[in-house]
Every structure is written in structure tokens, then in C-alpha cells.
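Taking the form predicted alone, here's one chain by itself in C-alpha cells.
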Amino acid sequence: MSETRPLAASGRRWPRDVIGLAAIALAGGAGYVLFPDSLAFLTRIISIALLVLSLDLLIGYCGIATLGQSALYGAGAYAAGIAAVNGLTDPVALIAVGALAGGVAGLLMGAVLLRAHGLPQLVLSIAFVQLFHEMANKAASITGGSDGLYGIAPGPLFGLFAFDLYGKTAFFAGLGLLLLVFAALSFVVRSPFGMTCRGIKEDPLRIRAMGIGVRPTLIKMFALSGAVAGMGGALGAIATQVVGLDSVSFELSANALVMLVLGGFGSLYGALIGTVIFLGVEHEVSAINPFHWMTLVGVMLIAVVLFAPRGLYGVMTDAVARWRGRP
């Protein structure tokens, strides 16, 4: 009986997963139709969405305080960019290089951050991203330094679809990557490994008393998170064909956290919703007032924290539950 219930629950989840992936694909298709001249911006949303998803794995599912996620994103971006400059042009291989670099950076970051808890852990994460930023700036002969890394020229996707100036190939490649990653992460967070991470977030002492290694489990999640962030960085490098120091900036880490708060912690859908809303507001409002657009974001963030602590996705799920007559 104990084995039948999880199987049944998993079976009930499959239709929801299919609907969720279809909704993401439909939203991507709608973006392509409605904003055909903004495909580069839509691709950036997808790239940053992968970063926010990776952050949610650590904060939402493991309870790890970090503001250094852009270091993992930047590691993937620079690794893919350096590989491209040195002759590797296959886009799929560049994404794999970004995932590998992000995963290795995640292992290193996890080994450092997990030696502390709470505020010291947060400070370590800030130091980590600042260290990566300074390394990228000083190694100008490899990374381009403050001028950025140029000369990235990805070959045709699968040998058929060339990357054009309109950004069609980059957009559809990014959308396909997002769907694959989202489907994989949906499986991971409901797997025994994902449940263990949630248990560590709630009560690490009980998990340790059960004989489960807390630190090894969290380091594995750091590696997975780094791989996802690294793929986002690699996608950004391929789409823009340039990598700058903003890929490893503290501002990017802070913005990713704001996006996650807006959408909601511990929910993959919340990460996507927060990313779309934040970047959409930034894109539109900053064009009107480039100096004070963050004021609106600040007001919106205060309102969400005070009146919707579970984020916008939590508000949506509560509304649907009330509509269906459930508590």
C-alpha cells in the first residue's frame, strides 16, 4: 500500500505536468507571434529564467541563503564563450560546456557556503560572486575583461538552422531548452532526492538522525543548480554572441532573488512568473523613465511581501483552489 500511493500520486501529476509544459510552450508561441521584433529580449527572459530556476532549487527547496548565483551563470557564459572563440561552434556542445562549467562552479560554491549558516552563509555567497567578477575582469587575455568577450559565432543548430540577426533560431532553441530543463526539474523536485532536500530545509537534524548525509545531498543540489544556471549563461552567450562582466555581477544575483520573491519560493512555475513580470516591467518602464523605474519594482516587491508572502504564483493557486471549492 505504501508503494501504491506514491505511484498513484505520480500518475495524477503527469496530466498537470503535460498541461504545465503546454502552457509554457503556448506562452512562448504567443510571445513569438505578438512580439516578433523583440525575440532577442524574449531569449534573454528564457536565459534569466534558467538562472532563477537554479536559484529556486537552492532557496526554495533547500533553504540555503545565497546571493551568489550569478557566479554560476557567468561561469557557464564565459566557458561557452571561450570554447566558441577557440573553435567549438556546435550550439548543443556549447550548452553542454556551460552546464559542465556551471556544475563545477556549483560544487566549489557549495563546498564553501555549506561551512556556514544564516547570515555568514549569505556573506560568503556575496564574496564568492565578487571573487568571480574580479577574476573575469583581471583575466582580460582570456575573458576580454571590461571590454567583454567577442568573436562568439555559433554554427547552425543541428546543422540546419543558422543563427540569424532576427534571433529566431536562438529563441526557439532557448524555448526548447527551457521546456527540457523544466520537465527534468519537475521530476527531480518530486523524486526521493528532492523530497530529501525539502526535509533538510524543514528539519536537518531529523534528516541527519535518519542516517542521510545532509552535506553531500546539498552539494549535489548545488551541482545541479550550477548546471542549470550554466546552461542559462551559455544560452545568453550564444544568443547575444558576447559575454560581459554583467554576467557575473552582484546586481544580477540580487535581481534574480527579487524575481524569485515576486513569483514565489519553492515553485518552479513561480520562478518563471517572477522572471517574466520583473523583466517585462524593466523593459517597458525603463524605456519611459530609465532613472526611476526601480521605484515601481520596489513598490511592487513591498506589496508582494506584505500581502502575498507566497508570491504571485501562490496567489494564483489560492484563487484557483477557492474557485474549485477547496480549502
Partner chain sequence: MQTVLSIAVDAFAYGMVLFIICIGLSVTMGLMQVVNLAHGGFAMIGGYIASYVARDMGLGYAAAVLAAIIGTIAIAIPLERFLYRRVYAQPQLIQVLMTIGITFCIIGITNYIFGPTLKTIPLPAALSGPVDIGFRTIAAHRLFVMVCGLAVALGLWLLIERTAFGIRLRAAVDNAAMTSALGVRTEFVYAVAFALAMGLAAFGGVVGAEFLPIEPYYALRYMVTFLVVVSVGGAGSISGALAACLLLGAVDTTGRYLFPDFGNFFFYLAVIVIVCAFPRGLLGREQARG
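Heads up, when I say rigid core I mean the largest set of C-alphas that superpose within 1.5 Å between the two forms. What you are looking at is a predicted structure, and each value in this text was computed from that prediction instead of being measured. Numbering follows the first chain given and starts at 1.
Another form, the form predicted in complex with the partner chain, is not on view; read the next lines as being about it.
A.B. asks: I need to confirm a contact call. Of Ile277, Ala65, Val285, Ile45, which residue comes within 4.5 Å of the partner chain in the model of the complex, counting heavy atoms only?
C.D. replies: The option sitting close enough to the partner is Ala65.
A.B. asks: Counting non-hydrogen atoms within 4.5 angstroms of the partner chain in the model of the complex, say which of Ala162, Leu180, Ala153, Met135 makes the cut.
C.D. replies: None of the others qualify; the residue that does is Met135.
A.B. asks: Checking a candidate spot here: are Ala27, Tyr32 and Phe158 all in contact with the partner chain in the model of the complex (at least one heavy atom each within 4.5 Å)?
C.D. replies: None of them does, since no heavy atom lies within 4.5 Å of the partner.
A.B. asks: Which one, 46 to 54, 294 to 302, 267 to 275, 32 to 40, holds residues whose non-hydrogen atoms are within 4.5 Å of the partner chain in the model of the complex?
C.D. replies: Heavy atoms within 4.5 Å of the partner chain in the model of the complex occur in 294 to 302.
A.B. asks: Check Ala184 for me: does it contact the partner chain in the model of the complex (non-hydrogen atoms, 4.5 angstroms)?
C.D. replies: Ala184: no contact with the partner chain in the model of the complex.
A.B. asks: Is there a non-hydrogen atom of Phe128 within 4.5 angstroms of a non-hydrogen atom of the partner chain in the model of the complex?
C.D. replies: Looking in the model of the complex, residue contacts with the partner chain include Phe128, since a heavy atom lies within 4.5 Å.
A.B. asks: Indicate whether Val123 is a 4.5 Å heavy atom neighbour of the partner chain in the model of the complex.
C.D. replies: Residue-level check for Val123: yes, a contact with the partner chain.
A.B. asks: Whether Phe172 contacts the partner chain in the model of the complex should be assessed with a 4.5 Å heavy atom distance threshold; does it?
C.D. replies: No - in the model of the complex, heavy atoms of Phe172 and the partner chain never come within 4.5 Å of each other.
A.B. asks: Can you tell me which bits of 106 to 122 touch the partner chain in the model of the complex, meaning any heavy atom within 4.5 Å?
C.D. replies: Sequence-ordered list: Val112, Arg115, Ala116, Gly118, Leu119, Pro120, Leu122.
A.B. asks: Superposing on the rigid core, do we see a C-alpha displacement of 2 Å or more at Ile288 between this form and the one not shown?
C.D. replies: Yes; Ile288 is a residue whose C-alpha shifts (by 2 Å or more) between this form and the one not shown when the cores are overlaid.
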